[in-house]
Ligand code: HEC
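Here you get one chain, nothing else, as structure tokens; it is the form predicted alone.
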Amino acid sequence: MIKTSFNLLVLFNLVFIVSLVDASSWSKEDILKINTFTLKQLDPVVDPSNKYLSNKNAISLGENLFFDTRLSSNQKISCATCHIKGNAFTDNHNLAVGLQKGFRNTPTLLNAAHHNWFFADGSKDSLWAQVLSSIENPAEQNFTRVELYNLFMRDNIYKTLYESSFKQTLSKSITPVNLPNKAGPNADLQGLIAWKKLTPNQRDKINQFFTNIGKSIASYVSTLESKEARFDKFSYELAKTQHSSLLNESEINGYKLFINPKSGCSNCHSGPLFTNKEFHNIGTGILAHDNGRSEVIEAVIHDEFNCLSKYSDAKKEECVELNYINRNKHGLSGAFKTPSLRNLSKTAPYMHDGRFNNLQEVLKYYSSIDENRALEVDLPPISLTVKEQQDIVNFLLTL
């Protein structure tokens, strides 16, 4: 009898302790706040500049092209070389490695279509424009737009998929017999000279074709979405029953610290993707002598493939981000796009240049921001103990 009573007392105490961790401190307001971070709050993907976003044929074509190494000058590099499916579409290198070693970290493509700007500095204003840049970039795929057109003229499967997606007959859109083997405005000197020798009409037709390829790959990438994480399931269960044991005490403490002004994390990392999609100077650019956003503002405004270009499907008033772009170069010096915090367990290393190999290093860096340092960056003074830092790390890994 005494032993039974003792066991019941132990069981009662354990239940009591678990209840403290689970929900004793969760008010209705707390639960509503948590819900704002869940994937159910994520809006559908919208891109008025790409009318083929939901076109099944275009998505199929884009998926094939994404994994095709023929879209590179050495026939060995594809989009999937750096964006590896099993690694949340990253490559786990500090710096991206295509045909050459780049100077930026490879971002995940999961949920990428929900962003407003692309690349760490936001040098492209649409996913399809970003795709086109990567195809032609000498450090990535180094493939000219004319080479791409010639590939389609040789590949009957691609040609058929293209024509069914865009309702255009490739062979009638341009006279292929007059085209060089490779040419483009971003090619080497020989390729650039060949591009300038084409007629304005030929260049325009090639650009329209090239744009459609970017839109098809972007349409495929737009289907790449995060699955519900343990944090989401915790939130849903909490909203339904006011109790959940899916997060442990450290992870819950980490969440509470995350939204606390003491850490300042949620100032920039908000919403279901844990990003405000804006640009901030947190000091990493300054340390690397990289001015980030400030260096590309004029380039994106004058980009031949931006939202306001003739190759875009958007109406002028639909290009909100470009119409109201922040042109304050001084204010954006050293600023980079706030990354999503989803899938962090698979996307190391971190920051725009992959300088931190693990989340502990990231939290240690943020915790080094004192009052003097805060004057130089878009961060408040941050003071977190080693335990608090680890609690936040543990919370982030539930995403």
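Remember, predicted model here, so these are calculated numbers, not experimental data. Residue numbers here begin at 1 and follow the sequence given.
There is another form of the same protein, the form predicted together with heme C; it is not shown, and what comes next is about it.
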Contact assignment for heme C in the model of the complex, among Val45, Ile34, Leu39, Leu341, heavy atom within 4.5 Å: Leu341
Single option in Ser235, Ser165, Ser294, Ser134 placed near heme C in the model of the complex, where near means a heavy atom within 4.5 Å: Ser134
Heme C contact at Cys268 in the model of the complex, heavy atom, 4.5 Å: yes
Cys79, heavy atom within 4.5 angstroms of heme C in the model of the complex: yes
4.5 Å heavy atom contact, Phe119 to heme C in the model of the complex: yes
Contact of Gly191 with heme C in the model of the complex (heavy atom, 4.5 Å): no
Among 104-112, 242-250, 197-205, 182-190, the region lying within 4.5 Å of heme C in the model of the complex by heavy atom distance: 104-112
Partner contacts in the model of the complex for 244-266 (non-hydrogen atom within 4.5 angstroms of heme C): Phe258, Ser263, Gly264, Cys265
